[in-house]
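Here's a solo chain for you in structure tokens, the form predicted on its own.
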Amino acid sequence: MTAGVKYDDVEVGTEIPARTYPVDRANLVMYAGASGDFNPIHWRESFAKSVGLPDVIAHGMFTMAQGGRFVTDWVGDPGAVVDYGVRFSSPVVVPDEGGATLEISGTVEDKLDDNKVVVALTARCNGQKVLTRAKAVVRLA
């Protein structure tokens, strides 16, 4: 598989349109099974509230994975992601009724040698940034 986005077709400042990703408790339980992280703050409301959280929260790595998904959906090839990192700035609170919606957008921040670009991501839930310093280095076609 090769990247579907061409290096010559993007410039610094190119915006990648926002996408939304619904998050519900079933997603968190499935992620817990896949990751082995069964911390009850991610699935048991009474426990989450007992430790001072407003409700159940998504796994940080689940949130980070949605950012990665955004990048790979844009570029068309998961193997094109050379580097990816984030800092967690706020939890994604996932109420039982209705869940949450994660909105992710991106901007080409820099063009590097070897057909690589740096994509800066913005991830928000309920208007609040949930990831900071979220960047991916992607090799384009």
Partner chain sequence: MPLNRDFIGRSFPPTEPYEVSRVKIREFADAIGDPNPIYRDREAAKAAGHPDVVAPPTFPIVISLGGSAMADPELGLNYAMVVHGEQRFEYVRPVRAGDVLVCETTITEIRSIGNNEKLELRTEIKTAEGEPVCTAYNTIVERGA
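Just so it is clear, the model here is predicted, and its values are computed rather than measured. Residue numbers count along the first chain shown, from 1.
A second form of this protein, the form predicted in complex with the partner chain, is not displayed here; the remarks below concern that form.
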item: is_contact(Glu45, the partner chain) in the predicted complex, heavy atom dist at most 4.5 Å; value: no
item: Asp110 within 4.5 Å of the partner chain in the predicted complex, heavy atoms; value: no
item: is_contact(Gly98, the partner chain) in the predicted complex, heavy atom dist at most 4.5 Å; value: no
item: Non-hydrogen atom contact Val94 with the partner chain in the predicted complex at 4.5 angstroms; value: no
item: Residues within 4.5 Å of the partner chain in the predicted complex, restricted to 44-71 and counted by heavy atom; value: Val51, Met61, Phe62, Met64, Ala65, Gln66, Arg69
